[in-house]
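The data below hold one chain only, encoded as structure tokens and taken in the form predicted alone.
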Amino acid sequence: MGRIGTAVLWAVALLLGSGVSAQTLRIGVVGPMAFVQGEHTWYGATLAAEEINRAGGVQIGNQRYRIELIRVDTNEMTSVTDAATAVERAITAQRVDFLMGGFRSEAVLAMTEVAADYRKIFIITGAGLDGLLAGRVDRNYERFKYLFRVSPNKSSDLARTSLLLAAEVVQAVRQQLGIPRPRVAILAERAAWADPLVETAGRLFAAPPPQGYGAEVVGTWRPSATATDVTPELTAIQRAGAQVIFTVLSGPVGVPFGRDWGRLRIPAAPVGINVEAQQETWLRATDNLGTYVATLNSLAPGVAITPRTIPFISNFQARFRQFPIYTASGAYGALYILAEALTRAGTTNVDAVVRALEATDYTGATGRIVFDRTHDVTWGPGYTTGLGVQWVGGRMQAFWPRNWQVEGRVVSYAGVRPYELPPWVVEAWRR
């Protein structure tokens, strides 16, 4: 073999060893693809990749790269082991350059251990457990510096927002039904991410104003995230005399909850987190029994959080004929954030890209994204907080923030309307 041939082989070997295929960035999009949470992660990443590639790809140094997405079905709803194995296969066999996605916190914890072992950047777009980043990135930076989170806000921040939504409902019960100390039931799926919300909610609901809500917590119920019937929990809640149900549901259990709650006409208003109720298919999925259910969401029809909100919703609906849930907007934003970081870094060297990601200041469809010292998305006015939405009159409409006064400023968006108590709750409790 001549010297030129040897040089070519060395160049090819170096290119393969760099982890980046020639002119192509291979992004592993991970999630439970049989469920809407994973499906929308894939859709959001797909939309962003199509837009970026159509605009010429990602400029890195003096080269342009096209994005190639690799679909990684983790089966994480039912198996943490499957999830970790899927991520390792994506790195070693499918040779992905970067990873994003994930939904179930227990599974994401295992998946990110694998990513850290292989020094792969993993941008989380669906799991909320605080401990995915806090206590890892800040305490063992060299091992976990590859992990970032774009969405959702971490569990303790989700607790803040969902409890602000609950405050609207507690206040409605107090003012419209004449009940000075509303009774609240907590219904949370059995999952690690839900634990801090349950603890915080129980404490805050019961504490007297102004620190708390001055309500009475009548009990906590913890069904499986994949339960198909929550009639026993709902009938117990009714017997306990609750006027409000604080929901902490991210899994498929959200649909049977809405269907059973509406079918039984439980006289307690649900509010909190119900990821299934974030979809525009919610009423059809619940046989139209899920009307008046309220949930935290990242987006709402017609509500412009930033100049990028409405274009993202419109393009997503035109492409996939569905309203995007938070995993879609998270994956969409994550890919743009990664592309911009690669351009700023001017190289695919992983340490340089980590440093560029740490300098992120990106205004996306759901708000301004700036990472804190644990590589977590910043919560608060001017950053990302989410919206409160409720199903009223056959459509999803936002009810929060509406004149939210915090840190000396008022936060409100056009199109946000007052919360409405379900009529059978009013009929059962009006005094």
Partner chain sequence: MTGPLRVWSLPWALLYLRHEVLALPGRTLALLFVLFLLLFPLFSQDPYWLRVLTLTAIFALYAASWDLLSGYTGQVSLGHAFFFGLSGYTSAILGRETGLSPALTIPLGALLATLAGVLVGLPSLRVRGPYLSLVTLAFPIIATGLIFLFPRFTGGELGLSGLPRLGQSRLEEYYLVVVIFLISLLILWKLAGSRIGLLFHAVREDEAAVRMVGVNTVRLKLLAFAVSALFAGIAGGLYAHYLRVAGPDSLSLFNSIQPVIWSVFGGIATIYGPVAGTFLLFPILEILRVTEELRMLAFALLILLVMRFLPQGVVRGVLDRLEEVCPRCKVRNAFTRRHCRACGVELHLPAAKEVKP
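Numbering follows the first chain given and starts at 1. All values derive from a computational prediction rather than experimental measurement.
One more form of this protein exists, namely the form predicted in complex with its partner chain; it is left out here, but the text below deals with it.
- No residue in the set 275, 280 and 322 has a non-hydrogen atom no more than 4.5 Å from its partner chain in the predicted complex.
- Contact with its partner chain in the predicted complex, defined as any heavy atom within 4.5 Å, is confined among 106-114, 221-229, 333-341, 157-165 to 106-114.
- Heavy atoms of residue 216 never reach within 4.5 Å of its partner chain in the predicted complex, leaving it off the interface.
- None of the heavy atoms of residue 288 is located within 4.5 Å of its partner chain in the predicted complex.
- Proximity of residue 132 to its partner chain in the predicted complex: non-hydrogen atoms within 4.5 Å are present.
- Taking the partner from elsewhere, residue 360 is found to have every heavy atom lying beyond 4.5 Å of its partner chain in the predicted complex.
- Checked against its partner chain in the predicted complex, the residues 238, 317, 347, 79 give one hit for a heavy atom within 4.5 Å, which is 79.
- For the candidate set 60, 370, 392, 33, a heavy atom within 4.5 Å of its partner chain in the predicted complex is found for exactly one residue, namely 33.
- Of the residues in 53-92, those that come within 4.5 Å of its partner chain in the predicted complex through at least one heavy atom are, in sequence order, 71, 73, 75, 78, 79, 80, 81, 82, 84, 85, 86, 88, 89, 92.
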